[in-house]
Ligand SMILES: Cc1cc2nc3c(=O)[nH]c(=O)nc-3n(C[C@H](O)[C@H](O)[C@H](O)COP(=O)(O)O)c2cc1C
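The chain below stands alone, shown as C-alpha cells; this is the form predicted on its own.
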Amino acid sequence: MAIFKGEKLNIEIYGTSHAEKIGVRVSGFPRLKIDEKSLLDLMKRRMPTGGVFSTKRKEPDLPIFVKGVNNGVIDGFFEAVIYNKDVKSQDYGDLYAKPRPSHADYVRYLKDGEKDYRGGGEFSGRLTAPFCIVGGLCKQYLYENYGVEILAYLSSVGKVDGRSYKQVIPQKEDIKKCHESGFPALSSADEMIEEIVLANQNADSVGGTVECVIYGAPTAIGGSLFEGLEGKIALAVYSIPAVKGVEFGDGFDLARGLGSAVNDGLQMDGDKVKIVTNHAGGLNGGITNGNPVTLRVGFRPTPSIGLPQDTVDLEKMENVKIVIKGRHDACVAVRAVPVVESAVAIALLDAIMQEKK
C-alpha cells in the first residue's frame, strides 16, 4: 500500500499489477459532484491503445466507487476500485528470483525478501490508474472552484524535441487538441512516433519528457523551505514510476545563465503588477506569483525490454541472462501525460486547502 499524507488530503493506493483489483481510499476530500465524463476522459488518456507505443494489455480502467459517494457526490471520504481484466502472470514464470535490471525487483528483495516479480507488484505503472482517479477529481474541483486548469503534453521522445513552454507557453486549446489527436504532442508527433517504432522494432525502449502547465493558479500559494509548492508538487510527481527528473520553469538551463538574463522583471500594467517573463516558472520562494506554473518531467526508458540483460539468480546466487517477455510500453512517457496532470492536481489542491482554511 502506498500512502500520501498531505496537509488535508490523505490517499492510500493499494493492490498490485496482477491482483484481482487495484484501488484507492481518500479522506479529507472536499464536497464535489462527480463529473463522470470528465473523469473517464482522463482515464482513457492513460489507457493503453494497443499501438506500437503502448502495452498490448487491454484494461478498461473503469472506476467503481464502492464507498463514500451518494447520488454522485463525494464529501470527505471515498473508495474506488478498478478490476484487472487482462492479467497474464505466466509471462513472468521464468523470472522468479531473477530481478529485472532497473526495476524495483532487487531493492524490493532487499527490503522484504520478495522474489516474485510478476508485473512489478505494487511498483508497477498499473497503479497509476487509481492515481488518476484521485487526480481527475482534484482537477475537476480546482477548475470548478478556482478556474484552474492543469494540462500536460509530451515535449520530447528520445532525441526528438517538440514544442516546449521554454519557447512560448502554449495555449490551453492547443494542448486540448493534441489530447484529442491520440498522440499528446504539440509538434513533431510523427518523428516521435518513428523514434518509438524504431526502439520497439529493436526490442528496446526509449525515454521522454512531459511538460505541464498550471493555468490560473491562485497567487500566494506555498511557503518557504519545506512549505514550498515546488517541493510538494515534486513529491507527488516523483511517486510516478519511471520519473527520474523534475524541473520548474527554465530549470537546469538557469544554471548556465546570468542573473541579468534570467531574472523576471516586474512592471505596472495599469493598476496591477505584472511579472514580465517567466523563467522561474510561476514560483518565487516556493510561492505562486501569478504567472502560469510550468514544469518538466523526465521519464526513463521502460526497463522491460526484449533484449538479453545481465542479472543474478537469487536462489542459486549465480550470474544469469534474462529476456523479459510480456507486454510493455516502448515509451512509458506517452501514457504518463494524464498521470503528471493528476500528480500536480493532487499537490496543488492539498496546498490550496491548507491555505484556504
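Start at 1 and count along the sequence shown; that's the residue number. Predicted model only: the values in this text are computed from it and were never measured.
Separately, the form predicted together with this ligand exists; it is not shown, and the next lines address it.
(request) Go through 155 to 163, 234 to 242, 139 to 147, 261 to 269 and give me the stretch that gets within 4.5 Å of this ligand in the predicted bound form, heavy atoms only. (result) Careful reading of the contacts points to 234 to 242.
(request) Determine whether any heavy atom of Ala104 comes within 4.5 Å of a heavy atom of this ligand in the predicted bound form, and answer yes or no. (result) It does: once this ligand is placed as it appears in the predicted bound form, Ala104 has a heavy atom within 4.5 Å of it.
(request) Using a 4.5 Å heavy atom cut-off, state whether Ser124 contacts this ligand in the predicted bound form. (result) Ser124 belongs to the contact set for this ligand.
(message) How about Ala336 - does it come within 4.5 Å of this ligand in the predicted bound form, if we only consider non-hydrogen atoms?
(response) Output for Ala336 is yes: heavy atoms within 4.5 Å of this ligand.
(request) Would you check, heavy atoms only and a 4.5 Å threshold, whether Asn291 touches this ligand in the predicted bound form? (result) So Asn291 does not count as contacting this ligand.
(request) Only one of Gly298, Pro303, Gly68, Pro30 comes within 4.5 Å of this ligand in the predicted bound form by heavy atoms, so just point that one out. (result) Looking at Gly298, Pro303, Gly68, Pro30 one by one, just Pro303 meets the 4.5 Å heavy-atom criterion.
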